[in-house]
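First, one chain by itself: the form predicted on its own, in structure tokens.
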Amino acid sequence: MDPQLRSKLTRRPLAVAKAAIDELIDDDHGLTTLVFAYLVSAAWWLVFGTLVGLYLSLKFVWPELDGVSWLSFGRLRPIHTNTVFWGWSSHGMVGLAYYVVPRTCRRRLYSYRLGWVALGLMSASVLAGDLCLAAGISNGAQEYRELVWPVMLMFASGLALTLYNFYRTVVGRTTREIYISNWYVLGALIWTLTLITISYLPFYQRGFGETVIQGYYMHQGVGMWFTPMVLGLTYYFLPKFLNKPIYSYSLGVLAFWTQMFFYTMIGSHHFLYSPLPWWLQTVAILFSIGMIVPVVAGTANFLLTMRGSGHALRSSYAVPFLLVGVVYYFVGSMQGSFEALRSLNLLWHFSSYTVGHSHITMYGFVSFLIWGGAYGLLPRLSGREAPHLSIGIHFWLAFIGLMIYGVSLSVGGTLQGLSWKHGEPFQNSVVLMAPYWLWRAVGGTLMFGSHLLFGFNMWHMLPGRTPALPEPLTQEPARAI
């Protein structure tokens, strides 16, 4: 080989260089420290919670993996779901919101102390909840509601302090309008506190009353906490990273109010063909179909904002995460609307299809948008970037892992449902699902590997942990977004 050609090949980087940080916006060190504290906590819960999930996926391939009571599926599964719900996703979203709310209001956060107290309460509730679940202390067979009320009270107290902190910040804003991100953030906090109150009051939860409340809780937790919260963050980060305004403020308002209207009544579609009143099931189906309105409005708003910004996909690692999150928001939400139809619900409900669907929404949608916000914001706060190669590997491991996970369970779950529908012995469906569960474990392993890389990248972005950026950072005038 020619020596000059060999020299060029050896100098070629493994990853395409991305654009350097365009500005340093650490104008409030106390806020920067608080945001990093939430995101570091979120990264820890992500690694721990998905390690439990990975172990569970291996038990589908090797059922005899252990014989320890607190490692049983019935105890580990709620530990996995509650840790990634209240530990990873909630800490990540609230941490990013602690930057977005003051920034869009053009004023300092009302109280840093309240932010730290809220972080302590939320983290303590996740730790206490995991210990209780491991010991077999739970709220019973209430999916995503397994935490006993004292534990959930701690988490709700953290959210209440956060709501008060954000509300006082918005009230003291120096802008005339309330930016749409704050509509979503405050709405999510108000609805979630309402949801927890309704779902944990005991006196009307007897018999089918408990079933109705359970359906309400399961879907409101996703649709009125995670969905509006992370969408509100995206309404800030996407225009910020693209350096252009959101496509349509009106579409954002339409998506907000239709989300608040339609999502409140869809929980009962989890109990179709049950003894619940037929009219209640029908209302849940109609409102599930109505959810197409906010989903299409929100997705169109984000994609039209990205139109003509292909350069950002090539020059940034934050924007590709946001794009994937927006696409999965559409895919997962449309899945949910169609799964509410009686004919398709009869096929897919109780099968592994719903497990793939839940990961497409909570992982593909929520987690990717959190990662996009973190990778775009944190280097601008600390002045320190993670290695571009490790960010790229994180993206592709998470993306490919989720594709393997979601496709395998969607296909396998459909075949599983057809097997049940045709009246075949249950054992046949177990044998049928074996290869799909193996692919589930493969996808989950790739996803978990990406989480380790995210923790590694977080360490690199911490203030003072790595050498400062070599290039001078240019200061830009303060903007509303």
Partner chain sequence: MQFDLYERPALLFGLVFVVFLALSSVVAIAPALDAQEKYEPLPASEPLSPKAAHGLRVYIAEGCPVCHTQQVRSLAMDSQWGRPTVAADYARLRGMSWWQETPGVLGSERVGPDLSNIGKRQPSEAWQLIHLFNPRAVSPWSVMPRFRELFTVDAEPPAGSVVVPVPQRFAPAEGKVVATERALALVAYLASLKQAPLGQPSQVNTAPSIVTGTGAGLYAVNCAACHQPTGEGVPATFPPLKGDPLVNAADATAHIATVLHGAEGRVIGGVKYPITMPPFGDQLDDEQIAAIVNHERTSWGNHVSTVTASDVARVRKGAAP
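Computed from a predicted model, the values in this text were never measured in an experiment. Positions refer to the first chain, counted from 1.
Note that the form predicted together with its partner chain isn't included here; everything after this is about it.
Between its partner chain and the residues A128, L186, A300, L114, the one pair within 4.5 Å by heavy atoms in the predicted bound form involves L186.
This chain appears without its partner; in the predicted bound form, the one residue of L286, L304, V411, A141 with a heavy atom within 4.5 Å of its partner chain is A141.
Contact here is defined as any heavy atom lying within 4.5 Å of its partner chain in the predicted bound form, and by that definition not a single one of T282, Y436 and F456 is a contact residue.
Using a 4.5 angstroms limit between non-hydrogen atoms, G444 is distant from its partner chain in the predicted bound form. Its partner chain in the predicted bound form comes within 4.5 Å of a heavy atom belonging to Q220. At a distance threshold of 4.5 angstroms between non-hydrogen atoms, V430 is in contact with its partner chain in the predicted bound form.
Its partner chain is not shown here, and in the predicted bound form it never comes within 4.5 Å of any heavy atom of F395. From the list 370-378, 103-111, 86-94, 141-149, the contact stretch for its partner chain in the predicted bound form under a 4.5 Å heavy atom rule is 141-149. Taking its partner chain as it sits in the predicted bound form, the stretch 168-188 comes within 4.5 angstroms of it through a non-hydrogen atom at V170, V171, R173, R176, E177, I178, N182, W183, L186, G187.
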